[in-house]
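Presented below, as structure tokens, is a lone chain in the form predicted on its own.
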Amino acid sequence: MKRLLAIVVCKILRVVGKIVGKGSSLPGKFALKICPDVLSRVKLPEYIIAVTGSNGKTSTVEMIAHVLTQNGKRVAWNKEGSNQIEGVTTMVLCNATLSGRVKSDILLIESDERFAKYTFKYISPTHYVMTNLYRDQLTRNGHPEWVYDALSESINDNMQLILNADDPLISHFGYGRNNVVYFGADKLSTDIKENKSVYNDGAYCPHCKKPLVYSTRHYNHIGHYECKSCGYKRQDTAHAVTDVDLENGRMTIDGKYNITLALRSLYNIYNLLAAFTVGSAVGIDGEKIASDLSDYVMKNGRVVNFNVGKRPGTLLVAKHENSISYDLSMSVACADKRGCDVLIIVDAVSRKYFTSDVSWLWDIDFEMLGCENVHEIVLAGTYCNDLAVRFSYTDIPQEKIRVFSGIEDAYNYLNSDRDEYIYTVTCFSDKGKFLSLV
């Protein structure tokens, strides 16, 4: 009776929530109050795929869902990205019958990395994808190794782990385990020899804590590594990006599966590769997966094309308090040989808590925007002056930088007769403030 009541209440509250525009976690919260172990009382599909990590969860899940549905699978997944246990409960119960059977072939879960241990206490994924671990929202998440410890509590021996071999922390979850599938990238033409960031989360071996040696880096601490002390190293991959041409928007997986890129960025190739690996794991043909992923345009609002007057542009959602997310988003603009302007908006640090902490701005490689492809840099939002101070410590000429406290003022400045493409980089919290103007 508790299970039935929890399902009914969850379904009713979800309908009401959609009408009034509320979030998707509240129905699950009430359902869990009625029946705390309701997730263990429902009948789940044969395949349960979970995705977690610092960056790329939402995009990877959407791509996996796209591949699965294109191949005739019925998929229940948390489209809204509500990825803690309350949101997952809402998604599961709203896709279940009153008798408690989930009406899908596959249950696909995006899970917050810190709170996955609570969800997977009741649900055990058959396939568990882990994308990466970066320093992310240090105010609440602390160091990546602290998140690693929290995430390790969500793993059990019955799961098949699908791990990013190029991330030394993520790869370490597979150390000494069977039933692990690794994905990664071979040495690429875009690789760098040294980490140019102000920090290095891959400096030390996650196994013995001695220094790691890198033979190549794709970006930051993501690359090919080895510990000369204990022998821990990057694992061989089941699926790999064997070639990438960001300028022309192409990538190749396993030397034979070609995918054209709607978004030409390094972090996007990892999301695509993870989705490809999952599709292969559930038995879908590689050529079909590559075809389904080619030119795929995200629907989750992480990448949005817009116009400011006659000037076209693209908004790239980065995560505030996550410097790698910013670095990779800005690198898209830096690689655009057409020439562009870049708008950076920091108007609210977080939707969930208030600290006004902007120390994370100093971890971002804003220096890259000094490249010849970027013509003007516009800083906007409540924290525009904090951004301006950070930029004053770069070698970028001050005459290339404009500062506006109002987002609309920045928009009006960019709404000109100039021809340059516009890239806007900002967070979930602030993207709507800009998109409401365009």
Partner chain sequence: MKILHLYYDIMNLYGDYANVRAMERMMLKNGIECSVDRLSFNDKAVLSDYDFIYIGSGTERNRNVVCEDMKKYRDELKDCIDSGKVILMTGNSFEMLGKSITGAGGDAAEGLGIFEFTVSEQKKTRNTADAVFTADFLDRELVGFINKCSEIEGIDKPLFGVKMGLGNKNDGREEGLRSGNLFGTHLTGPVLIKNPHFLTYMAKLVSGADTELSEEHLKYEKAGYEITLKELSALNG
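This is a predicted model, so every value here is computed, not measured. Positions refer to the first chain, counted from 1.
Not pictured, yet referred to below: the form predicted in complex with its partner chain.
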All three of 96, 101 and 265 touching its partner chain in the model of the complex at 4.5 Å, heavy atom to heavy atom?
no
Which of these residues, 338, 310, 256, 209, gets a heavy atom within 4.5 Å of its partner chain in the model of the complex?
209
Work out which of 412, 373, 382, 40 lies within 4.5 Å of its partner chain in the model of the complex, going by heavy atoms.
382
is_contact(residue 306, its partner chain) in the model of the complex, heavy atom dist at most 4.5 Å
no
Is residue 354 close enough to touch its partner chain in the model of the complex, meaning at least one heavy atom pair within 4.5 Å?
yes
Although the partner isn't part of this model, could you tell me whether residue 198 comes within 4.5 Å of its partner chain in the model of the complex, counting any heavy atom of the residue?
yes
Under a 4.5 Å heavy atom criterion, is residue 157 part of the interface with its partner chain in the model of the complex?
no
With a 4.5 Å heavy atom cut-off to its partner chain in the model of the complex, the contacting stretch among 244-252, 274-282, 188-196, 131-139 is 131-139
For the stretch 366-397, return the residues whose heavy atoms include at least one within 4.5 Å of its partner chain in the model of the complex, in the order they occur.
382, 383, 385, 386, 388, 389, 390, 392, 393
